[in-house]
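Coming up is one lone chain in structure tokens, specifically the form predicted alone.
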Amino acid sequence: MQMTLAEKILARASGKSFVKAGDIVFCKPDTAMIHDLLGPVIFADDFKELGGKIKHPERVVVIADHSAPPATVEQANMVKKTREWAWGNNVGEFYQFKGACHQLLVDGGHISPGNLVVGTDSHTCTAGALGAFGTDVGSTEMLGVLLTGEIWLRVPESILVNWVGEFSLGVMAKDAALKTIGKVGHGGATYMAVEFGGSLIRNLPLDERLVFTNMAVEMGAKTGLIKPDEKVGDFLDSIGKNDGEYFISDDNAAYREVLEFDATKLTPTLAAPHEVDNVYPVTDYEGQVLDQCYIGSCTGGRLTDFASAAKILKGRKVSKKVRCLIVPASEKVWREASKLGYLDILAEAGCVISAPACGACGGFTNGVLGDGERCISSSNRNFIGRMGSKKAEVFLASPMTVAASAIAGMITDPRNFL
């Protein structure tokens, strides 16, 4: 019987030899990730009342990243409660101010191919770039996972998204991810698994693959997935964590829909306010004046992103009319980008280098927007109030487009500087 990648992973997690879309299965997650915003600050009292004992503490990863470093007393108290709960319950790993949760799960070897990963953050689907089924859960659902070591899930239908060809000058994974979302729509893949394939995906580095799976939830997807291959294996070998099961979809697996895209036809792309599927070529908005340019977050703050931004900004200066913020996705990314000289190039151009964290992506710290301000960002959402004021506007684009726009002080096609 034929199965998709998503079905195979959930079959393994539920101890079954076969599952199909629509089945209800009880699964044992391999990793449970909790962050400061939707963790102990919400469920600590209920956890204690229901027995206060984690079934598998070694599988639990707690991360303080949304309020990192704290900008208010309320945030400081949130981090304090998160830290004390994590230490008091001997969880497998606790990260404090080390970066965004999804990147830390990758860097720390907490994701293996074939795993089921649940997390209290909507972009837990990022894990799919390593061939794992990553999905978000609410704080109450996470409480159940902690106490029982299990969760029930409905096996999702799958959509196959094939990208072929190669990127042209000035185009990155973020452009292709936005193009996909524009086609599918913000709810077009609700509770489905979006599997990304094709020659383009196979040829991309892991950094760029992570962008596709991270953004899958912006189509409403339950998870985003990419077939694990030698690039995943090489990365896991480099951190000494190469285990798991390298599942792939069967040749005749059933997909709800198959979409085909040609990367050679793609130009620099953006999402205009206030929806991620409000997608246009960058040239349609070229000349829009900006206040802030933001390169960072779990979507656009990796080594490849900073290398691409540095390529454009080297020897040039950020316009005096804007501020350009750089927020590495993790401490590891920070160190590698610093070692390779990317951070020096960005700083010399006039960018402000901030702490590895979620930063202004969710409107918490390090660069929130004021009334009437306009930002172009490499992050993942541009909803009203997402990065601060409800009267601000956020455009989403690739790190190359953000870097080019920082030079011009307005939305600009990166090919102008390449």
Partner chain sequence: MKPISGKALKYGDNINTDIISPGAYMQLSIEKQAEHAMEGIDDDFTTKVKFLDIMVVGENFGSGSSRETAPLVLKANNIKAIVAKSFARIFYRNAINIGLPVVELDTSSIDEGDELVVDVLTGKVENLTKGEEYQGVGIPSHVLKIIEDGSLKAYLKNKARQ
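Residue numbers count along the first chain shown, from 1. Note that the structure is a prediction, hence the values are computed from the model and not measured.
We do not show the form predicted together with the partner chain, though everything after this point is about it.
J.: Just checking whether residue 37 would be counted as a contact of the partner chain in the model of the complex - the rule being heavy atoms within 4.5 angstroms.
T.: Residue 37: yes, in contact with the partner chain in the model of the complex.
J.: If we define contact as a non-hydrogen atom of the residue within 4.5 angstroms of the partner, is residue 390 a contact of the partner chain in the model of the complex?
T.: Judged by the heavy-atom cut-off of 4.5 Å, residue 390 is in contact with the partner chain in the model of the complex.
J.: Report yes if any heavy atom of residue 307 sits within 4.5 Å of a heavy atom of the partner chain in the model of the complex; otherwise report no.
T.: Residue-level check for residue 307: no, no contact with the partner chain.
J.: Using heavy atoms and a 4.5 Å limit, would one call residue 233 a contact residue for the partner chain in the model of the complex?
T.: Looking in the model of the complex, residue contacts with the partner chain do not include residue 233, since no heavy atom lies within 4.5 Å.
J.: Could you spot which one of 222, 209, 98, 110 gets a heavy atom to within 4.5 Å of the partner chain in the model of the complex?
T.: That would be 222.
J.: Only one of 164, 340, 147, 254 comes within 4.5 Å of the partner chain in the model of the complex by heavy atoms, so just point that one out.
T.: Only one option qualifies, and that one is 147.
J.: Do heavy atoms from each of 187, 381 and 386 fall within 4.5 Å of the partner chain in the model of the complex?
T.: Judged in the model of the complex, 187, 381 and 386 all sit within 4.5 Å of the partner chain.
J.: Look at the stretches 133-141, 256-264, 279-287, 243-251 and give the one with heavy atoms within 4.5 Å of the partner chain in the model of the complex.
T.: Stretch with heavy atoms near the partner: 133-141.
J.: Out of 51-84, which residues reach within 4.5 Å of the partner chain in the model of the complex, heavy atoms considered?
T.: 72, 74, 75, 78, in sequence order.
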